[in-house]
Each structure stands twice: as structure tokens, then as C-alpha cells.
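Before any questions on binding or motion, here is one chain by itself as C-alpha cells, the form predicted alone.
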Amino acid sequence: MPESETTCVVVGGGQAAAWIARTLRTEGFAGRLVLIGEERHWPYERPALSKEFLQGTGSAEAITLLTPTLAGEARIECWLGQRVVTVDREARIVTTADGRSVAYDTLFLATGGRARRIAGLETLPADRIHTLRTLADSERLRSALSGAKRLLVLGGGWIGLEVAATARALGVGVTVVEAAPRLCARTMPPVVSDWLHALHASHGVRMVTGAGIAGVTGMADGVAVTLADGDRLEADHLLLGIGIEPEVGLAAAMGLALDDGIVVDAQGRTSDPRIFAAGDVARHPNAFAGESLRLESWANAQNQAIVAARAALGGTGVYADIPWFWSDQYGVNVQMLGLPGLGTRAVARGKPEAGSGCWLMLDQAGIVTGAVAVNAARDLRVLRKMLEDGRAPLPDGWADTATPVQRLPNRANVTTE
């Protein structure tokens, strides 16, 4: 069948979905292209939702990846506000909740994730309980913060901390409650957790770590959280910043292989060779980690989507990016490379704890597992290239700020002991 008579369908309306659709067209796909998104908004990037957009200094237009004009020019049919309810893999037909259907030759799943919630909060005043995953969530929280004095954040991960920083910029008092003994414990080493703790405390955020939740109750003018030790915290609004769950319901119903996400190969291909997946929902083999990973990041959503789209058209490239993630808090740019949380030894270049520098993280065998840069993006870019080449700076030389990173003595990033 001529390619011009084939159809690609993209399920999802976020960043990965937009990049799949755009890439298919820029790589020359000439057939019918349908994008089906559950949100009514045109596909957009999410990082600003907890920062500029939440603060009111950003706009939806600034983060939109696929506008009506772009979609029209690229001949991308966008079915927005449509939920896919079934996919018949044998007949290769996608059906939406309102009864529309479309047959596909190649299907892409970019269904992302949904904000994790705590069971039992359904009876609390809905206008006091927030999550932050969508543009609508951010608009709702922004409206709430405009009249609030106190915000309680459950979860000391990146979303929780970014919202805390933005809320403080808006003059709202913030308390962050984290169940683990330290912030971002799942991905960051203790030295970074300690720095984040100090950064937020210096901006007036109250940090409560190692604290379990015994209950959440509604009040006439807000919510109250009772901690496991009996302490009671009250606030006008409560944000649940406890991570996301991959949206795999459709993939599960289709019988695709799952493992905390949709299992894909290095080209984004699922257990059905006619179906690809990319973005937050996809678990891929990661060469740097030496194991499969599901990454929730802006870079992963874009770059994995591009590889999957090209692969569907016969491309031979694979997704082999080293994990990379960034955050802005209080005007401080933080960038993470690799898997710094696996490191057991931190070597500082500059003074990251003072606002400018980079921690190099090594494991017990001396292998560099990653790095965390504070207002030091240039050093991290050079380090990234070095790690991509399978090399790493000598740990003893890393602290030599008189020598540019690219000139530091280096070695193969393999076991030295």
C-alpha cells in the first residue's frame, strides 16, 4: 500500500504526542495523521505549569507545541477533548468515548501519567485539594493561591518543591511534608537533599521530613493534616505532590507488555510491532543505567518521541540519551545528569551549596553515576558529552575550577577498584 494511503494515529495530547506527530511530518510521512488528546487544550509543555504559568508570568501560548495553524499546515487531524476507550489490535481500530473511530496502520501511545492521589480525600472540599499535572490544574491552583495565606504541600519531590518556591514568590506561607527522611530521596544523594532543604528554609518554607500522615480533614476555611506523631498542620489549600502513575489502562486492556509503564525497546516499539509508545508512560532499556527506566522529564518526552516516530518510518536510530532533568527554584537553576542518586561519594566543583557549582557523584566502584549542577549548566553540558563518550573526569581533578571541564584529565568511566 502506498504510504500516502496509510494512517498513523497518536493517542495522547501532551509533549510526546506533539513531537511524534510533528516528527512524522518533518520526516516525510505523507499519509493520514490523527492525534487524539483527552484534554481540550492543544498539546503543550508542562515544566512551566509549576513555575511561570503558576506564578502568572507565563502564558498558554508560550508553552503550546502544536497550534491550530501548525496542525493545519502539517495536515494533522487533532481530535481534542476525546478519550480513547478501546483499541482493537486485530482490526487496528481506535474508538473514542463519543463513538468516533479511526483505523490505523501504525499506532503511537503517548498517554503520559496522572497525578497520584491519596485515598479517602474524596469527601473533603474539592476546592481545597489540588494536584498539578495539567494546564487546568495549574490555572486552578493559581486562582487558589491568589487568595491564600497558607499552602500545605504533601511530597518533597520536584513538583512539590517547585510549587513551594512559586507560592513563596506569591507571598504565600508554605509547609512541605515529606514522608522520607529527606527531600527528593528517590533520585538525589543526601548532599543535594540537604542543600534543597537549606535553600527552601532560607526562603521561609517550613520543612517537615520523615513524617507520616495520620489523617486529613476539612475545615470551614481550609484543610488540616494530622501527622503520625500527632502534630496538626492547617492551611488554606493542600497540594498533593506525591508523583504520578503511568496512564497504562488502555495499554493493559490491549494486552501490551507492562512493567510500571508500557515496555518498549530502544526505538519505542511495544510488544506489538505496529504500536509504539513514548514519554512518561514508556519504560525503555537505558544504556547508561544498564537497566530499563521510565523517565518523567521534558527531555525524555521530546527525544524518545522523535526516535519512535522515525523508527516507525524505518529509521534505525535508537533512544540512548543519558537521563537529564532541570528545575528552577527561587531563581536558581538546578540540572541533574545521569542517575546521581546512585552515587555514594560527592565531589564538588565550585560551591554548589553556595549557589554556583556542580556535584560529581561516584559509586563505590568509582564509576560516575551522574551529577547535579547549581547555576552551572555549561560545566554540565561538557560533562554530558564526556559521559556520552564513555569517559569521566578524574575525581581528584574535578575540584580544579582553574581548569575548564573539557581540559580536565579523564578516564574511561569504568570500575577503577
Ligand SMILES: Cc1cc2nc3c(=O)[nH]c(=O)nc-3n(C[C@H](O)[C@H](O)[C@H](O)COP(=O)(O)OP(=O)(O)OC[C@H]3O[C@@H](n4cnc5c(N)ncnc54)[C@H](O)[C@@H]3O)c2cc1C
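Values in this document were obtained by computation on a predicted structure and should not be read as measured data. From 1 onward, residues are counted along the sequence shown.
Quick note: we don't show the form predicted in complex with this ligand, though the next part is all about it.
S.K.: So, Y330 and this ligand: in the predicted complex, are they within 4.5 Å at any heavy atom pair?
M.R.: Contact with this ligand, no.
S.K.: Would you please decide whether R133 lies within 4.5 angstroms of this ligand in the predicted complex, comparing each non-hydrogen atom pair?
M.R.: Answer yes; at least one heavy atom of R133 falls within 4.5 Å of this ligand in the predicted complex.
S.K.: Quick check on E296: any heavy atom within 4.5 Å of this ligand in the predicted complex?
M.R.: Result yes; E296 sits at the interface with this ligand in the predicted complex.
S.K.: L49 near this ligand in the predicted complex, any heavy atom under 4.5 Å?
M.R.: Residue-level check for L49: yes, a contact with this ligand.
S.K.: Note which of R206, R310, R83, R140 lies within 4.5 Å of this ligand in the predicted complex, where distance is taken over heavy atoms; exactly one does.
M.R.: Contact with this ligand in the predicted complex is made by R83 alone.
S.K.: Which among 106-114, 256-264, 190-198, 212-220 is in contact with this ligand in the predicted complex, heavy atoms within 4.5 angstroms?
M.R.: Going through the listed ranges, the match is 106-114.
S.K.: Since the partner is left out here, which residues of 221-254 would have a heavy atom within 4.5 Å of this ligand in the predicted complex?
M.R.: Going through 221-254 in order - heavy atoms within 4.5 Å of this ligand in the predicted complex - the hits are E247, L250.
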